[in-house]
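Only one chain is included here, represented as structure tokens and corresponding to the form predicted alone.
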Amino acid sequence: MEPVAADLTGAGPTSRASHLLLVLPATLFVLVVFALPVAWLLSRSVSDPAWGLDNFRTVLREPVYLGLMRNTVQISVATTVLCVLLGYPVAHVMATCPRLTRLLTFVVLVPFWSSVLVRTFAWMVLLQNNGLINRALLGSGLVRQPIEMIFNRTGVLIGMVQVLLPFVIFPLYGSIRAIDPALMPAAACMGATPARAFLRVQLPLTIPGLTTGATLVFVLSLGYFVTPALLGGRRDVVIARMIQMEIGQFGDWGVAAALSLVLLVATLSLLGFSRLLVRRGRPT
């Protein structure tokens, strides 16, 4: 009876073998298409043009590359902060107002119907000096001359926030939805103001969703390429753009691989740290 029971619960040797066979095609696909090419590229950081750590010394000592890292971190942090500030109210309304949930979900998901490249070109049309936004501002008399909103940090942040905002909204929506609706009224009955109830009750309970969303946005921002390349200026070059330039224009695979490895290590470290925060924020 024991082998039969094991097979019925899915824990028998036959079941395990079938599970391995089911995941084998996907594992091979990821290994061949992703893991092996990435490993080959990263290996060139220590083998091209010669074996050693010269590429990392170049990346960590040259002011140009240090400036790129600073730009990437600054843009990623600013994008994450703006997404959290804009996304939290939307997620709160989605979770607490059932009548607006479907409408707001539709509004948030609409941008996913078009590619990032199309949306970035749309922002180029809207943000240019003679674009729709500047025309509206000039026509209303709010400004006397066009505002520079493209080929600078402002355009980069606008484009990236618009693309990455849903990655904050939906994790926060799930966290807020899971909160007991009676907690906030109970805090009010105990004399807490709305701001105090939010800071002491709701915000701590939404830390896992907030951490998840902020981490997703920050990690995606670290490797972003299209939006900074099209909407940014010379001072807004990021690591991903520089990796493309090192390979496509200079043919320096070693430095490009070193930059890629630095970016990968930073991303993995951030993911590990965020996972620790999420575990600590979960109620026991």
Partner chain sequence: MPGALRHTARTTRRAVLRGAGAMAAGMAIPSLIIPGVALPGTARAEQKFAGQRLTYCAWGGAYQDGQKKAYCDPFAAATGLTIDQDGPADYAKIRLMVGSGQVVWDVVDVGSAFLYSATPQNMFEKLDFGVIDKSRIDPRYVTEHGVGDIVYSYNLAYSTTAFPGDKHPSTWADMWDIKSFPGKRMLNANAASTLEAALLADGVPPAKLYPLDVPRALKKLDQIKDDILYWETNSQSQQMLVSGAATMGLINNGRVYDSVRKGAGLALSWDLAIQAVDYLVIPRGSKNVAAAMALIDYVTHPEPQAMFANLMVFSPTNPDAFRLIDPKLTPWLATNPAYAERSVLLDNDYWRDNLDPVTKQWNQWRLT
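None of these values were measured; they are calculated from a predicted model. Whichever C-alpha set is largest while still superposing within 1.5 Å between the two forms counts as the rigid core. Numbering follows the first chain given and starts at 1.
The protein also exists as the form predicted in complex with its partner chain; that form is not presented, and the subsequent description refers to it.
S.K.: Please determine whether A50 contacts its partner chain in the predicted bound form, using a 4.5 Å cut-off between heavy atoms.
M.R.: Although its partner chain is absent here, A50 would stay clear of it in the predicted bound form, with no heavy atoms inside 4.5 Å.
S.K.: Hey, in the predicted bound form, is V64 touching its partner chain, heavy atoms inside 4.5 Å?
M.R.: V64: contacts its partner chain in the predicted bound form.
S.K.: Just to confirm, N130 within 4.5 Å of its partner chain in the predicted bound form by heavy atoms?
M.R.: Yes.
S.K.: Would you please decide whether W253 lies within 4.5 angstroms of its partner chain in the predicted bound form, comparing each non-hydrogen atom pair?
M.R.: W253: yes, in contact with its partner chain in the predicted bound form.
S.K.: Quick one: of N71, S175, N134, T80, which gets a non-hydrogen atom within 4.5 angstroms of its partner chain in the predicted bound form?
M.R.: When its partner chain is considered in the predicted bound form, the option within 4.5 Å is N71.
S.K.: Within 178-207, which residues come within 4.5 Å of its partner chain in the predicted bound form, counting heavy atoms only?
M.R.: Residues within 4.5 Å: none in this stretch.
S.K.: Given a superposition on the rigid core, I'd like a yes or no on whether V226 shifts its C-alpha by 2 Å or more between this form and the one not shown.
M.R.: It does not, since the V226 C-alpha is displaced less than 2 Å between this form and the one not shown after the core fit.
S.K.: 2 Å or more on the CA of L41 between this form and the one not shown, with the rigid core superposed, yes or no?
M.R.: Yes: L41 shifts by at least 2 Å between this form and the one not shown.
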